[in-house]
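Just one chain is shown here, as structure tokens, and it is the form predicted alone.
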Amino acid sequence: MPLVFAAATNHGPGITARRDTAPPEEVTPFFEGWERLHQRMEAANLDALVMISSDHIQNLYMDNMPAFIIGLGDSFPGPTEDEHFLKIPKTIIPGVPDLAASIADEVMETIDLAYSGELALDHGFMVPLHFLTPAYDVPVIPFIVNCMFPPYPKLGRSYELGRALRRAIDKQSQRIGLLGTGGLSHWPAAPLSGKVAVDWDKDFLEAMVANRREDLTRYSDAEIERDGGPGGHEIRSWIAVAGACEGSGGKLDFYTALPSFAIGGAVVEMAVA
């Protein structure tokens, strides 16, 4: 069955960790946008959700840093972060190992993947799931893209990962959704934490909505670091979603600068025709 849902949004830990202390007038539009996304995901009646995120030194480190890794486990514990900090209770997220293996096998016709049966999910997965699948009843297939340590996968390779995922998903019989998480501009755990590069975010989002591959993949790593911050490298997850929807555009549900959460916050839902 063809891909039935595709979107991209944020995953910053401050979204849950600092929700109670953030100014309501600043963050309410963000949570309203996520509730709309939650409703659209529910309406898609998903059998499984492929999620693309980065790893925040929870599963991977410099001794083993693949460009792309898929989780093949039958379940995934999360969050890896302390409950008191993240304000998300620890739980177990169901996986679908047979489906994940089938998707991995097809993706590897064109994209080499690492794989693991023992991934644990950090805030990059758990913060969006907490709001978008609050019952944690949608099985998840996690993909991790290296956005932490250079050399990073090239942006064009992330787009190609998305194209390969689309071919793999469209060969399955289940109703499958795709969600990329991360970004946008942010400077995590740095003196500039809380800065939001609004113009850079909007420039990227305009290219994302139009799904212009050339514009999405034009940034050098140095430009991302300078203009979007170290956390800006997570646009790779968004670009993969764009690749999966090649030939179709998307809709920007909302964008707002969220200095309280130290991110530029947005939701883009892509057409999957």
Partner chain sequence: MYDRYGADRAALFAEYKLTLEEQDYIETMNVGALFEMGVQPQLLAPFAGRENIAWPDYIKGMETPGPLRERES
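Predicted model only: the values in this text are computed from it and were never measured. Residue numbers count along the first chain shown, from 1.
Just so it is clear, the following notes concern the form predicted in complex with the partner chain, a form of the same protein that is not shown.
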| remark: Students should find that, of 77, 156, 97, 188, the residue having a non-hydrogen atom no more than 4.5 angstroms from the partner chain in the predicted bound form is 188
| remark: Partner-free chain; cross-checking the partner chain in the predicted bound form, the single residue of 88, 148, 101, 114 with a heavy atom within 4.5 Å is 148
| said: So, residue 19 and the partner chain: in the predicted bound form, are they within 4.5 Å at any heavy atom pair? | reply: no
| said: Since only the chain is shown here, I'm wondering whether residue 174 would be in contact with the partner chain in the predicted bound form (any heavy atom pair within 4.5 Å). | reply: no
| Interface membership of residue 213, the partner chain in the predicted bound form, 4.5 Å heavy atom rule | no
| Does residue 43 reach the partner chain in the predicted bound form, with heavy atoms at most 4.5 Å apart? | no
| request: Given that the partner is absent here, state which listed stretch (174-182, 160-168, 188-196, 125-133) has heavy atoms within 4.5 Å of the partner chain in the predicted bound form. | output: 188-196
| note | Looking in the predicted bound form, the residues of 42-57 with a heavy atom no more than 4.5 Å from the partner chain, listed in order, are 56, 57
